[in-house]
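In the block that follows, a single chain appears as structure tokens, in the form predicted alone.
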Amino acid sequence: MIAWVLVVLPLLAGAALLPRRARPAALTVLLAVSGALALAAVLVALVPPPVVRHELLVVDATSRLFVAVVNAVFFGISAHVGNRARQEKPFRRRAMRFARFGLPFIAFANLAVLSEDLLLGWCALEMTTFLAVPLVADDRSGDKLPISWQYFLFSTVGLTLVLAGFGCLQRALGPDVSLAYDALAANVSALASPWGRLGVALVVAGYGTKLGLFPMNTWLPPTYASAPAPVTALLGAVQFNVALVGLLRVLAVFGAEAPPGLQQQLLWTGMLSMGISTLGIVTTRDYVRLLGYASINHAGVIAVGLGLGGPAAYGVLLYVVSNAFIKAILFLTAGRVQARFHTRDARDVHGLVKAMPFSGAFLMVGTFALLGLPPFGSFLGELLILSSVVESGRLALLFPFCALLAVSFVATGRTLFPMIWGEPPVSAPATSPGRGDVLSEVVPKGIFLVALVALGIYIPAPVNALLQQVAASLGAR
């Protein structure tokens, strides 16, 4: 079964890189395996059988969509790592470390997305957390080690809340009912009990911690700022979506009949996350940390969309997929900029279009997409969520939602756009891009950019059908 390939192949490849004599081949193995995973994931997504359950795995619309997204992003990150390692000798050690831990990371990420059982998905997500810690810590210099443990602590607390929620759900369902998703859907009436409601609330809060939702959001900006750029992209564009799948699976149990308490929890959590992140975007001048706050802001928008219920589901999914590609573009570009200018202060970076033409172009276009401008998929997704706010009659929500979006829009542009134009500083003279720069900048990010534009202008029929199926599972008409 091709779904098992997505789990077993990277696990075996990661194990093969453990012996020291195998490490010189790490980058070759990383590129080959990530490319094979991306191809297999696209085949799973676009050549769909009916819903298939095979022992512990399920291949349905949700798993097909998200394995395609996370493996495509992982391939782009791997290509960036390989190309950058060829250009920068100091980066090679980091690249080999990324290969050794990144391959098992994506294996467990795929297992979490494909898992049919709540507990197995939880275990796989926890394994991605364990594997991310040494990637965040990297060389253990400066504050990286304490920040990596802060990340681990918050993640473990969040996933412990999820586990406690599973215990409450099991109490509500009874000992004879498993925690498989189809079993939950068949016994949804039991989730209306006090134990069931408490269990769902804890599961949402726990997965919200991994997404960076308020109030467990404080780990995210320092972790994203401290970790190497490929690791930040891995956390923001891969692990984020893996955790989101766990949340979507629970919401899909209720379909269009989500309890009012659950909807209110998502709406309030989303709005508070947007407010806190907007304050961070306004006050920071660290461009990497700003992207971390933007990630919290996006998580807030997603939570609000999910809290609105079924009609907003299609827009939420379009927004989620678009933001996976946006984060990959911007975090990888920020890593290139930081390596060149040796600073994360936006006030010390300018003239990117001359000093680093491709990085300047991708920062500009990625920021446009980050801000939700047309013709990108993020614009269409955000517009559909706003339309659902109006259609649901929640006009009291409309003004603060739009106000927070507007403030974060202005503050983000004020920080990032001045980096692009002007004259480069003397310490970073302008250069002509070479073939290596083209490979490193254009190929991985160019693919993501094409996908972003396609999602905003013309969504291919198979992709549109897949989005509609996942939205229907969340109660959309």
Partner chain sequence: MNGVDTLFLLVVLAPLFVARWRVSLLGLAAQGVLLWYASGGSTPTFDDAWAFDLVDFLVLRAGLAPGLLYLAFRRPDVPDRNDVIPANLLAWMVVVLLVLVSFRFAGTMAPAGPESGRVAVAATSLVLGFFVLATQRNVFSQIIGALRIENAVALLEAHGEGAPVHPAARVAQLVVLAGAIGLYVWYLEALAARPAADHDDDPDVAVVPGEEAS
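Numbering follows the first chain given and starts at 1. Nothing here was measured: the structure is a model prediction, and the numbers come from that model.
There is also a form predicted together with the partner chain; it is not shown, and the following applies to it.
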With the partner left out here, check for me: in the predicted bound form, does some heavy atom of L153 sit within 4.5 Å of the partner chain?
yes
Taking the shortest heavy atom distance, is R94 within 4.5 Å of the partner chain in the predicted bound form?
no
Given that the partner is absent here, does S178 sit within 4.5 Å of the partner chain in the predicted bound form, heavy atoms only?
yes
4.5 angstroms heavy atom contact with the partner chain in the predicted bound form for M271
no
Please identify, from 287 to 295, 301 to 309, 237 to 245, 400 to 408, the stretch that has a heavy atom within 4.5 Å of the partner chain in the predicted bound form.
287 to 295
Between L279, A185, V133, M364, only one gets a heavy atom within 4.5 angstroms of the partner chain in the predicted bound form; which residue is that?
V133
Looking at V389, V250, V353, L161, which is the one with a non-hydrogen atom within 4.5 Å of the partner chain in the predicted bound form?
L161
Residues of stretch 212 to 227 in contact with the partner chain in the predicted bound form (4.5 Å, non-hydrogen atom)
T218, P221, P222, A225
